[in-house]
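Have a look below at one chain only, the form predicted on its own, in structure tokens format.
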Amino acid sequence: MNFPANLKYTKNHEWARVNGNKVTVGITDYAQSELGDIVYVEFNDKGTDVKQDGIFGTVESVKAVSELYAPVTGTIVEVNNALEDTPELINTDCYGNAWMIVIEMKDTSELDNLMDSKKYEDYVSSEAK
């Protein structure tokens, strides 16, 4: 499993890449491997307000439909519409071109609620047991 050190992580297996007051969001390598082949995604629209740990969309795989949770509170300012046509990209490039949304944060202190890569790796290891 790959857990880049420059990202923050949620217990729901989303990653967050912070750039100023904007956070790019996707699902982790662990999440995509557990889901299996991803066949469909749906996200809230640009301009939608989300709360930390609130649902911003769903991802559907051959195994299950899973809700996606926002790592921070804010407004969705960008959506990766390319994933509508190529959701399988999440299985091959979850930390790159398969980002899902960008959130403009309301409160940067919420980042303190997220895990760094080491804590997330430990969390995944304990969950897998």
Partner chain sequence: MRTPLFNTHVRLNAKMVDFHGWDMPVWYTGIKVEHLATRNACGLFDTSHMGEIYVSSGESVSFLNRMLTIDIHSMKQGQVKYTFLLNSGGGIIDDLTVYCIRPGYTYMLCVNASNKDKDFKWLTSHNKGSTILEDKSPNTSMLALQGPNWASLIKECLDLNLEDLKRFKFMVHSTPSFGDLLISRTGYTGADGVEIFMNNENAEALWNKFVEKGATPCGLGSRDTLRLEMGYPLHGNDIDEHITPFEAGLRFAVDLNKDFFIGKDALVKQKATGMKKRLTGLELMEKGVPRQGHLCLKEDKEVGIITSGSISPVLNKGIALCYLDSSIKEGEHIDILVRNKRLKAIVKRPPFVKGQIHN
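Residue numbers count along the first chain shown, from 1. Bear in mind the structure is a predicted one, so any value in this text is a computation, not a measurement.
Quick note: we don't show the form predicted together with its partner chain, though the next part is all about it.
Q: Looking in the predicted bound form, any heavy atom of Gly36 within 4.5 Å of its partner chain?
A: Yes.
Q: In the predicted bound form, is there a heavy atom of its partner chain that lies within 4.5 Å of any heavy atom of Glu78, even though the partner is absent here?
A: Although its partner chain is absent here, Glu78 would stay clear of it in the predicted bound form, with no heavy atoms inside 4.5 Å.
Q: With the cut-off set at 4.5 Å between non-hydrogen atoms, does Asp85 touch its partner chain in the predicted bound form?
A: Asp85: yes, in contact with its partner chain in the predicted bound form.
Q: Taking 4.5 angstroms as the cut-off for heavy atoms, does Thr58 touch its partner chain in the predicted bound form?
A: Yes, Thr58 lies within 4.5 Å of its partner chain in the predicted bound form.
Q: Identify which of Glu42, Asp53, Asp49, Asp93 has a heavy atom within 4.5 Å of its partner chain in the predicted bound form; exactly one of them does.
A: Contact check passes for Glu42.
Q: What are the residues of 46-72, in order along the chain, with a heavy atom within 4.5 Å of its partner chain in the predicted bound form?
A: Contacts from 46-72: Thr58, Glu60, Ser61, Val62, Lys63, Ala64, Val65.
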